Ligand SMILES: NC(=O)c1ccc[n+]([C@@H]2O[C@H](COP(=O)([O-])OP(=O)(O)OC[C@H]3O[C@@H](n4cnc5c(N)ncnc54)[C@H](O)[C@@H]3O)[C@@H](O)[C@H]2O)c1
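Next up is one chain by itself, shown in structure tokens, the form predicted on its own.
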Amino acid sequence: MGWLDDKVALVVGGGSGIGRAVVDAFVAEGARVGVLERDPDRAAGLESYGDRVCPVVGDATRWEDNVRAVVATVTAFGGLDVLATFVGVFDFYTRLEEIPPERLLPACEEVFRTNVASYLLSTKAALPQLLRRPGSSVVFTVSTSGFYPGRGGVLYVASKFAVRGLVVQLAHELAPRVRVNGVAPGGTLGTSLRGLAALGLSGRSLADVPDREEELQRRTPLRVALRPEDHAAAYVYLASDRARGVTGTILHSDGGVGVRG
């Protein structure tokens, strides 16, 4: 018997990295899963699940694509119990003084549209269906960057603090009908978080950073370089009925960054 038997989830950004690991875990725990994925090849890679997963190619920053993903998921599986979001872009630790004035506003708009507005769009699109199901929930991907300085540049850190705010405010607004929680992963191997196009960083990805495993081990008290699958169980728990009394909470899956001293 799985933790998510009979539940239907929509995973936004579920074609790679932590999102893909969560799709794997949700299916293993008995859920049927819709996936909104921008990359057609990654979406096609989910077809190996057969009728357990319904992939939809689309952009989470577009309202229409979020609606299509919700409709496709509900049509395939009969309802919606869980929304989990994994969309993001990174600023590669760019400091405010390093951003040219003419690029500041476009960069700010890009990071907040992707890292914050997409979560609101996905939630708004899913909400009518979530409200139909008792015990439904939303799980946002926050980050250690939403709690500590230096885990990105000024734009990325600010956007993740904003997602942290979404968790508590939406938990307040939607209680008792829908639970809203988050997971704050630390730096993770195997993620392809891309850079901001407005800063000329779209050709860079965290997957390309050299010696990343050793660097992640050095900066965590547990001396671990976490992988996507290491975070997946936190999402399973928050999506499950075992967390029926949990809302407005963010679980830290970061190797102990907060106890560095």
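The numbering used is simple: start at 1 and walk along the sequence shown. Quantities reported herein were computed from a predicted structural model and do not represent experimental measurements.
One more form of this protein exists, namely the form predicted in complex with this ligand; it is left out here, but the text below deals with it.
Peer 1: Can you work out whether residue 143 and this ligand are in contact in the predicted bound form, taking contact to mean some heavy atom pair no more than 4.5 Å apart?
Peer 2: Residue 143: contacts this ligand in the predicted bound form.
Peer 1: Can you check whether residue 224 is within 4.5 Å of this ligand in the predicted bound form, heavy atom basis?
Peer 2: Taking the distances in the predicted bound form, the answer for residue 224 is no, it never comes within 4.5 Å of this ligand.
Peer 1: Answer yes if any heavy atom of residue 127 is within 4.5 Å of a heavy atom of this ligand in the predicted bound form; otherwise answer no.
Peer 2: Outside the cut-off, so no.
Peer 1: Taking this ligand as it sits in the predicted bound form, is residue 191 in contact with it (heavy atom to heavy atom, 4.5 Å or less)?
Peer 2: Close contact exists here: in the predicted bound form, residue 191 approaches this ligand to within 4.5 Å, heavy atoms only.
Peer 1: Given a 4.5 Å cut-off on heavy atoms, tell me which of 130-138, 79-87, 167-175, 94-102 is the interface stretch with this ligand in the predicted bound form.
Peer 2: That would be 79-87.
Peer 1: So this ligand isn't shown here. In the predicted bound form, which residue out of 38, 68, 52, 204 has a non-hydrogen atom within 4.5 Å of it?
Peer 2: Filtering the options by heavy-atom distance leaves 38.
Peer 1: Would you mind checking 39-62 for residues with a heavy atom within 4.5 Å of this ligand in the predicted bound form?
Peer 2: Stretch hits, in order: 39, 42, 58, 59, 60, 61.
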